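A single chain, nothing else alongside it, follows as structure tokens in the form predicted alone.
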């Protein structure tokens, strides 16, 4: 149990590191202009995330909601055999919703729900060496944030939100029988003729945790054309409580004559006591519980918005995520039935990430607004921590979209975003001493849809 639990929980820092599982596309309007919103968020309530200060000045009641559909593509090519394996990711829907109410000309309150982390990394199990690190990894973190925005004076707005965070993680992994020590013996199953890469167990980990984070921001109106703003979400350490379960996989392998265990030739390895005991109560692959604590990092942005002649606005943001806080991970095994297991500490050594976003918006006519943007973003994972769980890296992205009136007070937004990640070398074997053994590629198509209604 200890070996697999270590590997399963070792996946958590990979899942949470960098923008690979981060989602910044919390509504279609902002997504279409590359997420630029620190100084001038869209007037649909999404400022609850992008800059709480911008709630001030929103009159009446605004209700908006939408979804971003994320289709990730990519694969891994092995150095030695040049075998290529494609990602098997489904289309992942990431929802959002915001509601605001103007209490007075100076004060607006609201509540929003958004998912800053919420994707899946899925690989086929047939023939892919990386299945022994992880073949299906899911992460979700839902933030529900009550917020207030206040107009201090003609040139300054401030805002504050307190978010309740509920996060879940799910990891799936196969276990290689050849690498395990035979129970009651001093040799591994490889000595019995078990080939390398023999699946004999399927492990699944499910864990969840809760916490509170604070989101605050401010916007300065320099003049009628130029605004400067920013926001910051505080880090939060969340304790994940989880359970691990294991399902046997029939190997169909027969022992050879003269095997060290003394069984007759042709005996199925699946039937011998030394194999079956692995799944018995309190044994290495019995089900149990574990916990770990991780830090969802600080993140924030600062930027400007400038109105050109007519109805054309240009914008730019800098976004930083302080992944450097996440340099160690302690795994607590005290909750397992076998409480003699030694706690483990992992060191992912993540790096802070930096994003530069550029967007533009042009009101073509009273019923149609056109948007576009471009951004670049650095990666967080060090070179020796790039695995199938999250083969993330530096990337650049292009966006485009439009907003349009649908009639009355109903407004719609659509957006498209293309992500191209730079190719990155990584590993697919659990033994890190093997080093990086191939090349990961990644790209994605995102489609955003949203509706907003003003009462």
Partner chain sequence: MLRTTRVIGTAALGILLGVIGCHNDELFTPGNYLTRDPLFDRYVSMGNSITAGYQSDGINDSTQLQSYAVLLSRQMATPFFVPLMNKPGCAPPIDTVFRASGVPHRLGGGTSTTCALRKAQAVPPPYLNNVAVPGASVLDGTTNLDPAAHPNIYTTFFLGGFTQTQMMKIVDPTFVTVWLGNNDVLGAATNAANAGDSTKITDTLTFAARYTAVLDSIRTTSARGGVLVGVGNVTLIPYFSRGSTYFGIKNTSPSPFPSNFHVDNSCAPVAFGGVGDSVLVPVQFGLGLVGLAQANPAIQDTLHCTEPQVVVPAELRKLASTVAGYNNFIAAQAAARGYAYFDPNVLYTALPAGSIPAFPTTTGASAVTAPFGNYFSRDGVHPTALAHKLVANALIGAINAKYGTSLVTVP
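A quick note: this is a predicted structure, and the numbers were derived from the prediction, not measured. Note that the rigid core is defined as the largest set of C-alphas that superpose within 1.5 Å between two forms. Residue numbers count along the first chain shown, from 1.
Although it is not shown, the form predicted together with the partner chain is what the next lines describe.
Quiz item: in the predicted complex, which of 154-162, 188-196, 233-241, 271-279 comes within 4.5 Å of the partner chain (heavy atoms)?
Solution: Partner-contacting stretch among the options: 188-196.
Quiz item: With the partner left out here, if you bring back the partner chain in the predicted complex, are 79, 358 and 394 all within 4.5 Å of it by some heavy atom?
Solution: Affirmative, all three are within 4.5 Å.
Quiz prompt | Selected contact from 366, 266, 127, 90, since only one has a non-hydrogen atom within 4.5 angstroms of the partner chain in the predicted complex | solution = Spelling it out, the residue with a heavy atom inside the cut-off is 266.
Practice problem: Scan 99, 142, 256, 249 and let me know which has any heavy atom within 4.5 Å of the partner chain in the predicted complex. | Solution: Residue within 4.5 Å of the partner: 256.
Quiz item: Does the partner chain get within 4.5 angstroms of any non-hydrogen atom of residue 374 in the predicted complex?
Solution: Yes, contact at 4.5 Å.
Practice problem: Examine residue 405 and determine whether its closest non-hydrogen atom to the partner chain in the predicted complex is within 4.5 angstroms. | Solution: No - in the predicted complex, heavy atoms of residue 405 and the partner chain never come within 4.5 Å of each other.
Exercise. Tell me, yes or no, whether residue 410 is in contact with the partner chain in the predicted complex, where a contact means a heavy atom of each within 4.5 Å.
Key: No, residue 410 stays farther than 4.5 Å from the partner chain in the predicted complex.
Exercise. Find out whether any non-hydrogen atom of residue 362 is located within 4.5 angstroms of the partner chain in the predicted complex, and reply yes or no.
Key: Judged by the heavy-atom cut-off of 4.5 Å, residue 362 is well away from the partner chain in the predicted complex.
Quiz item: Along 284-320, which positions have a non-hydrogen atom within 4.5 Å of the partner chain in the predicted complex?
Solution: 306, 308 sit within 4.5 Å of the partner.
Quiz item: Is it true that residue 260 shifts between this form and the one not shown by 2 Å or more at the Cα, once the core is aligned?
Solution: It does, since the residue 260 C-alpha is displaced 2 Å or more between this form and the one not shown after the core fit.
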